[in-house]
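Okay, here we've got a single chain as structure tokens, the form predicted on its own, with questions on binding and movement later.
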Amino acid sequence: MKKTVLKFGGSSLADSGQFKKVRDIILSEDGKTYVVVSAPGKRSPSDTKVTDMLYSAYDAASRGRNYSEILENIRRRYLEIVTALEISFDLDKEISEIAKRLETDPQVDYVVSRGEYLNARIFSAFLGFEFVEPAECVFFNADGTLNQDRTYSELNKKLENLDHAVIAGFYGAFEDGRIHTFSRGGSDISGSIAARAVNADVYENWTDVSGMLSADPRIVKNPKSIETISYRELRELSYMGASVMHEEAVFPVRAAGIPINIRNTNRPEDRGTWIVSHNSTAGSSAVTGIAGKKGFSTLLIEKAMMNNEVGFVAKLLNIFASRGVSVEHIPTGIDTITAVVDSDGFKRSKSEILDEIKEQLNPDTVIVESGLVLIAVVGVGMVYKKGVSATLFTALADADVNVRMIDQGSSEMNIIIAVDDSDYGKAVNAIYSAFFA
């Protein structure tokens, strides 16, 4: 029998009308269906997510301030859903329990997890599906990492004899029962874990867009949709922020070869984007997608005969690591090396880092530049196409964009360039036109 895990995000379950849309989608599925839900998202651009309200309630409680109005707004939000769906659910009892915990033992992970918990309880009552409490089957180690073996085993036991179930996303528990959450957007990870636990045929991630786009629509007008993308390509684009799901959600399903289908709750007829182990369409196009991220700085370090100095790069990376600064890329030459770092992290320890570089590495010169954007051009099809780099850099030259840095991985799956912040939009549009127009 086919097994499908469907995860619905906050926008998909923002109000009672969305609950009904989701119900219709689920009831159209064949076979075993396991539903993972987020907390209610925004109903309009000016609205507030339930999770954000819960964070505010915790913050008020931890500071000894009044949180009753915030909690009442949360209660009203869920009351609208319960009333409109005409289901029997003791909402006041649940809200009272949250208030009690805020009063006596405010713990942030417990408080913010209640958004998913309440939504899952209400949705399970609406569908008539069994509710599965993740605190009883999603386990974390003491350091906050997922206890994978125990989680997959216990979650499988919970679900193997159920044809339908609703699971709260975003959280699990430590061995002692304390609630622990994933990072924001972590319901995507919960869905992926559930899919892995039951060895699902597909993991459907339902949101408010019809899959991934080949470029940022805020920069490129009407970019093409991506029909199929590999896990590896998704990771590269997600790193630059071009993702419609939590980037860590890839790992559980990738290990088991379970495909992900990104779908639109408001347009269920759309095919969406398929995320698979191997992109079979790779040969038809050199580039799958383009993504960019702002806020980078570079440190160009020059030193004669650097290539003969054993351990030079290790010492440099150690200096950044000791200050908690991650080095994103390190293009090198014979006597030069460039460290690309996040500007915000670098600024906090700039003087100390520069002093240590001068003391430990004795460079000839160190040049720091800020205000850079990294742009990733990604596609497993690059390896099959000649002239990709020529097309890319010709397009940028024709658009009068100065490329400040070039970095290409040995897999030939991506080319990363750095440009000035002021050239970001111009560069992305030039690249998009060269490969997609």
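Just so we're on the same page, rigid core means the largest C-alpha set that superposes within 1.5 Å between forms. Note that this is a predicted model, so its numbers are computed, not measured. Note that residue numbering follows the sequence shown and begins at 1.
Although not depicted, the form predicted in complex with a small molecule is the subject of the following passage.
At a distance threshold of 4.5 angstroms between non-hydrogen atoms, Ser11 is in contact with the small molecule in the model of the complex. For the chain shown alone, Thr338 is not a contact residue for the small molecule in the model of the complex, no non-hydrogen atom being within 4.5 angstroms.
Among residues of the shown chain, Pro106 is not one whose heavy atoms approach the small molecule to within 4.5 Å in the model of the complex. With a 4.5 Å cutoff on heavy atoms, Leu213 counts as touching the small molecule in the model of the complex. Annotated contacts: Glu328, Lys347 and Ile353 are all free of the small molecule in the model of the complex [non-hydrogen atom within 4.5 angstroms]. Segments offered: 313-321, 240-248, 146-154, 68-76. Contacting the small molecule in the model of the complex at heavy atom distances within 4.5 Å is 240-248. Checked against the small molecule in the model of the complex, the candidates Gly333, Pro217, Pro268, Gly257 yield a single residue with a heavy atom inside 4.5 Å, and that residue is Pro217. The listed set Phe123, Tyr117, Trp206, Phe296 contains one residue whose heavy atoms approach the small molecule in the model of the complex to within 4.5 Å, identified as Trp206. Once both forms are fitted on their core, the CA shift for Pro106 between the shown form and the other one remains under 2 Å. Comparing the forms between the shown form and the other one on their rigid core, the Cα displacement of Ala84 stays under 2 Å. The Cα position of Val220 differs by 2 Å or more between the shown form and the other one after fitting on the rigid core.
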